[in-house]
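Before any questions on binding or motion, here is one chain by itself as structure tokens, the form predicted on its own.
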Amino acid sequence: MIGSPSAPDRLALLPDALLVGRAVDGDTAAFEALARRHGPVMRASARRLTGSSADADDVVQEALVQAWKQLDTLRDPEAVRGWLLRITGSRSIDHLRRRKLHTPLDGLEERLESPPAGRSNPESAAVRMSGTEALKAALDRLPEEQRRCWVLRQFNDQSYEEIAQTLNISAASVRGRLARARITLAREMEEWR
């Protein structure tokens, strides 16, 4: 039939919950549709946490393999995006633990909002760049557990409970680590307020 969408195109139109149900029943095309839909945000999340595009690709691949194997454990199929992001966060943290390095914060300037139109003159660009460099340096000086919590909260917009699940700690520990990180960053970034 002319004008009718192909099977992958039709799957892209289905809601997450229906795709999850089909994928749990073994429909690999439905899972591929979920991966295409949520893969970019998973990759962006992994990139923020690992600091590397290549590492992010590896993390997303690991996360998708884990998700495929554990899809039947997902309690709320409509929440598949958050579930995939939690898996991605966990795989990212595992990847960093294997590397035994601090998360490189190169590329932080890409993650921060660009200035409003009309405010991009050389002086404001230099000030903004200096502030970004100061923030990167301040984040590098944070203890790793505080930095991970801060990155998951600020860049991944995860809740305290999601961070606790990702890092396998209590929500109270997350609150404490974030509070200490905020105090330290506020003190170190005082001149940039």
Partner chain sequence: MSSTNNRLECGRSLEELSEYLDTGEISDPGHVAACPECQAALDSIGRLATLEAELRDQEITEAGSGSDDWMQSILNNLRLELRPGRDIPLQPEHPGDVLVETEGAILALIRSVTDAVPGATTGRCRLLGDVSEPGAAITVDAQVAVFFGEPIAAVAEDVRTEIAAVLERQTELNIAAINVTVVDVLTQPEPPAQEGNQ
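By rigid core we mean the largest C-alpha set that fits within 1.5 Å across both forms. Positions refer to the first chain, counted from 1. Keep in mind the model is a prediction, meaning the values are calculated, not measured.
Below, we turn to the form predicted in complex with the partner chain, even though it does not appear here.
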Legend entry - residue 145 within 4.5 Å of the partner chain in the predicted complex, heavy atoms: no
Legend entry - 4.5 Å heavy atom contact, residue 71 to the partner chain in the predicted complex: yes
Inset, instruction - Could you confirm whether residue 165 comes within 4.5 Å of the partner chain in the predicted complex, counting heavy atoms only? - result: no
Legend entry - the partner chain contact at residue 185 in the predicted complex, heavy atom, 4.5 Å: yes
Inset, instruction - Any residue of 19 to 39 with a heavy atom within 4.5 Å of the partner chain in the predicted complex counts; write them all down in order. - result: 21, 22, 23, 24, 25, 26, 27, 28, 31, 32, 35, 36, 37, 38, 39
Legend entry - C-alpha of residue 156 off by 2 Å or more between this form and the one not shown on rigid core: yes
Inset, instruction - Spell out whether the Cα of residue 54 moves at least 2 Å between this form and the one not shown when the two forms are superposed on their rigid core. - result: no
Legend entry - After fitting the core, residue 181 CA displacement of 2 Å or more between this form and the one not shown: yes
Inset, instruction - Relative to what we see here, could you say if residue 42 and residue 139 have their Cα atoms closer or farther apart in the predicted complex, with a change of 3 Å or more? - result: closer
